[in-house]
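Coming up is one lone chain in structure tokens, specifically the form predicted alone.
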Amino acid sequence: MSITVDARGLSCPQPVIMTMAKIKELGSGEFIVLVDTDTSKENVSRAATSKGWEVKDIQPDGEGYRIILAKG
């Protein structure tokens, strides 16, 4: 999986806006979102699920999180 949205260092709502743009662009599939705050992690996860995407995994990644989103 090579599609990655790197939203580290950005404050909300920028990570959510970037994630939503990628969701709109892809339509379906799987991609990674990198964030570095708990707030961004929660907001990105909530926004993605509201659009019918599944949060497949959230892993600690350095100072932040790696969120794997998927939609069949």
Partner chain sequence: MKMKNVFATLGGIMAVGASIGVLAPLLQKLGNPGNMGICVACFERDIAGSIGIHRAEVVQYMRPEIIGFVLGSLVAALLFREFRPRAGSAPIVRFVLGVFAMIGALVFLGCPWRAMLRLAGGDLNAVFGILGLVSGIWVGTFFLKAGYNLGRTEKTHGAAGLVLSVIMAGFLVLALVYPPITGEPKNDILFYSLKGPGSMHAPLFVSLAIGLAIGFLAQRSRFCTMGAIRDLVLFGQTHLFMGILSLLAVAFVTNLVLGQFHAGFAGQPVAHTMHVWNFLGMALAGLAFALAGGCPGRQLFLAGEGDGDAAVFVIGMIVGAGIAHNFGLASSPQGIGPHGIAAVVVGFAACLAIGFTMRKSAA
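Worth saying up front: this structure is predicted, and the values here are computed from it rather than measured. Residue numbers count along the first chain shown, from 1.
Here the subject shifts to the form predicted in complex with its partner chain, a form of this protein not shown in this document.
Undergrad: Is there any non-hydrogen atom of Val16 lying within 4.5 Å of its partner chain in the predicted complex?
TA: Judged by the heavy-atom cut-off of 4.5 Å, Val16 is in contact with its partner chain in the predicted complex.
Undergrad: Quick one: is Glu25 in contact with its partner chain in the predicted complex, heavy atoms, 4.5 Å cut-off?
TA: Result no; Glu25 lies far from its partner chain in the predicted complex.
Undergrad: Does at least one non-hydrogen atom of Lys71 fall within 4.5 angstroms of its partner chain in the predicted complex?
TA: Contact with its partner chain, no.
Undergrad: Using the partner position in the predicted complex, report whether Ala47 sits within 4.5 Å of its partner chain, counting heavy atoms only.
TA: Taking the distances in the predicted complex, the answer for Ala47 is yes, it comes within 4.5 Å of its partner chain.
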